[in-house]
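One chain follows as structure tokens, the form predicted on its own.
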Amino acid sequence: MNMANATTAPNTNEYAGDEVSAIVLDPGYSTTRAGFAGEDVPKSVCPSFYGQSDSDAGPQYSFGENAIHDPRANLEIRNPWGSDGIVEDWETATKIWEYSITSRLTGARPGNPAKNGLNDAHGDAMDVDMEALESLEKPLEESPLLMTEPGWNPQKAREKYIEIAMEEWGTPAFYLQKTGVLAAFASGKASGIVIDVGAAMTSVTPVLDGMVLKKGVQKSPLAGNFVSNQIRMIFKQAQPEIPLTPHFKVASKTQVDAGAPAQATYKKFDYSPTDSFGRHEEERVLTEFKESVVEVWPGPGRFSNGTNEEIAKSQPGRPFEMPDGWNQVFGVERFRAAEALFDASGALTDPENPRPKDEHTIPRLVQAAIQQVDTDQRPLLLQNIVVTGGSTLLYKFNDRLAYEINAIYPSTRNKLIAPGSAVERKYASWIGGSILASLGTFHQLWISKKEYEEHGVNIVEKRCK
């Protein structure tokens, strides 16, 4: 049995040699990042949300930043990811990923030349040459592909990744790597504990010598979307209720005093935009609010501890203006939105949003992950705590995280590694993939097309540990 092992390098043309850059694809719940290996940042960052509208010709899909923010009749906004960080709708996910690659990196695949409008059939339909159709260029025929996956990705999903890459995109070589390992590589670490707070999921991944300790991977739904939901509840429970008006409804606005009702002219639509479109547009406003107002209580102690609220009240507030001109200075309530990431009892609740579980908070996830590691390895991991994910950019997040970890592990030297630049923090796993795929020594790890055809989809389980 002639199975290539990690010591025999594949032929130059199998991994496209040094001439062609591999493509790194890092799909997530909020955005999908794609770009060429060896570059500093992903060239293509597309929303993972997509628009779907029904027409006589069947469902029409819209991808990309502009298309999904344009209010059109019966445009539903959806997401192919499940709430647990695993893809649910593979067909659409494939289209979004392909769009993120072809729209910025490789160009769209050419259509069948027989169908370019000059040779349209008259009367009798033209015969379709199936062989010619099959030999049409696929979008990745010239580029090897490195994809990222969450640490808890099931075997079926992993096999689906390689099947899409090889069968539908025709990539000559493929590799799959876990986001935790790549985020550690982006910070120059082969071992560490990676705390990744994204849009849908927060995960804590122990990495030792470039390998994920699978039994130590912890995940929780308390992440960016949860914070957005908390902000919604702050707005709803405020007296009077704070109006949440998305950008697309506002035609023009007039400046008003803080707390005064908005004086704006609103757009009129011949149809009413769908609920999912409206909610998605509200999320944009909530994201702006998270970025400019929300603050994490830095410690010492929890925010709800006696005097801390009083201390917070004495601090200057932060102003925020809604798209329709309504504005307010937010004081103590700005600390409440993200408190439950660290202290479940600090969460705002209502009948639809029950109190989160204590074991889902970040300190408890870190504790559970470290618990699964050998005692003598723990100090090494705690010296390399890599912080990544867009939601970790919340103001004072790192101060609070350091306080919580030092409270649990007072006797070790705990060190947070959190890149200061927003790009590095948001795209750490893509950057790690870019570094990895451009290393000369990485060439021998690629799964070539030939090996895939020989061994089938389960080769990914054997080779991408």
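From a predicted model like this one, the values you see are computed outputs, not experimental measurements. A residue's number is simply how far along the shown sequence it sits, counting from 1.
Keep in mind that the form predicted together with a small molecule is not shown, yet the notes after this line are about it.
> Are any of the heavy atoms in Leu393 no more than 4.5 Å from a heavy atom of the small molecule in the model of the complex?
Contact with the small molecule, yes.
> Within 4.5 Å, heavy atoms only: does Thr287 come near the small molecule in the model of the complex?
The answer is yes: Thr287 has a heavy atom within 4.5 Å of the small molecule.
> Using the partner position in the model of the complex, report whether Asn225 sits within 4.5 Å of the small molecule, counting heavy atoms only.
Residue-level check for Asn225: yes, a contact with the small molecule.
> Please determine whether Ser30 contacts the small molecule in the model of the complex, using a 4.5 Å cut-off between heavy atoms.
Contact with the small molecule, yes.
> Work out which of the listed stretches, 334-342, 193-201, 159-167, 243-251, brings a heavy atom within 4.5 angstroms of the small molecule in the model of the complex.
Single hit among the candidates: 193-201.
> Have a look at Glu141, Glu359, Glu282, Glu291 for me and say which one sits with a heavy atom within 4.5 Å of the small molecule in the model of the complex.
Here the answer is residue option Glu291.
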